[in-house]
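Before any questions on binding or motion, here is one chain by itself as structure tokens, the form predicted alone.
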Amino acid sequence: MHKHHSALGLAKAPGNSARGIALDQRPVQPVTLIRPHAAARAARFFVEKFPGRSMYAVKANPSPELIQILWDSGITHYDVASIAEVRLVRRTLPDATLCFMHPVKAEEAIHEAYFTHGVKTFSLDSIEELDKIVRATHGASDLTLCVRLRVSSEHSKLSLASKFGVAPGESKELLFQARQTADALGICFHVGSQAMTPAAYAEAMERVRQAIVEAGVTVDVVDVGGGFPSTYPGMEPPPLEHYFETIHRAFESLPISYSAELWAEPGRALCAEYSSIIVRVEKRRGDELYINDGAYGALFDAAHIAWRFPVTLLREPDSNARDMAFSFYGPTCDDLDHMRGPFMLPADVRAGDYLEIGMLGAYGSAMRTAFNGFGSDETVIVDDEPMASLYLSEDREVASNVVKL
């Protein structure tokens, strides 16, 4: 199987679907499937429904092709967290607005971002970082500075509460000092990845309220960060509209100017449905399947934080066997290359079968390595639907009914 090229540097698969590729081509190596229509649909959803500005968190998937799709679908702002991401997005999208939202940056990175790439928005969580930004930008007077508050991650599947953010009771001086420097002052936070309830944002916005009242400053931007979820086995969140409504109500009640802006930094929610992989079963040992991708490939999260991704058997005819729980071993020689799941598949799955593992557009491709000589750069475009979605009407109806129950 060969990589084909198109306007995106890729081409549509002859089979045009996961099943078609597996059954028609019988690939020896893992194959990454991408679904531009799914990413475009997610972007349009945020652009049309989020009551503020959505900027894509590039770390979730830094693919230039994906970044271009999001731009074409209305995403004009990009959350970059390193100078390499700054360069990548500026090279891909010369007219995009870049926001450097990592609270701890090298002074050289700030200087290059500002003077070479036109970045004027920076986050920070300390006086030291504020001083660094002032030095690196030579005292620029056109900066948007977003002070990051530490908030709880208790409602999220992955915590982001311990590394960054100024603690409660310590934000007053930083907000006051940033206000003296900034052209526009912002407050930002991150509730953690895969927030499973809108309450996470309501509680964080109360922390924002307290910080504003304590500091007595005028705030121009409130950035609710990322954490917007996707849907995975055992992690089916309520509809995203519920998150948007909660955030909007909280924003409207803050003691801020009528002209203040509301921002968000969706990453996973914009790209999870963009990609999946086809893998081949190389061996079965009881309820363990040895597959040709794993912890050092696209399945880092499945191995290291026991993330459960949707899986399906690609076989013709379909299996009639009942489902049972499997775990996976990846192709490397490392015992850590183990994904415990459980992954539910027909009980008669065997060596030589192909599986699709879905919802890998977020972080899956970004975490890949070539450890032990394994890996594949085979990537094709398909137009079948992702294995799960928060944006397809029937899936959204099911999610809404679950919430009502």
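What you see is a predicted model, and the numbers here were worked out from it, not measured in a lab. Residue indices: 1-based, along the sequence shown.
Absent from the display: the form predicted together with a small molecule. The rest refers to it.
In summary, among the residues 181, 92, 197, 194, the only one with a non-hydrogen atom within 4.5 Å of the small molecule in the model of the complex is 194.
This chain is drawn without the small molecule; in the model of the complex, the residue among 165, 186, 267, 239 with a heavy atom within 4.5 Å of it is 267.
With the partner left out here, the small molecule still marks one of 334-342, 37-45, 24-32, 56-64 in the model of the complex; by a 4.5 Å heavy atom cut-off that stretch is 56-64. Heavy atoms of residue 228 reach within 4.5 Å of the small molecule in the model of the complex, making it an interface residue.
Contact between residue 50 and the small molecule in the model of the complex is not found at the 4.5 Å heavy atom cutoff. Proximity of residue 354 to the small molecule in the model of the complex: non-hydrogen atoms within 4.5 Å are absent; the residue sits far from the partner. Although the partner is absent from this view, residue 101 contacts the small molecule in the model of the complex, with a non-hydrogen atom inside 4.5 angstroms.
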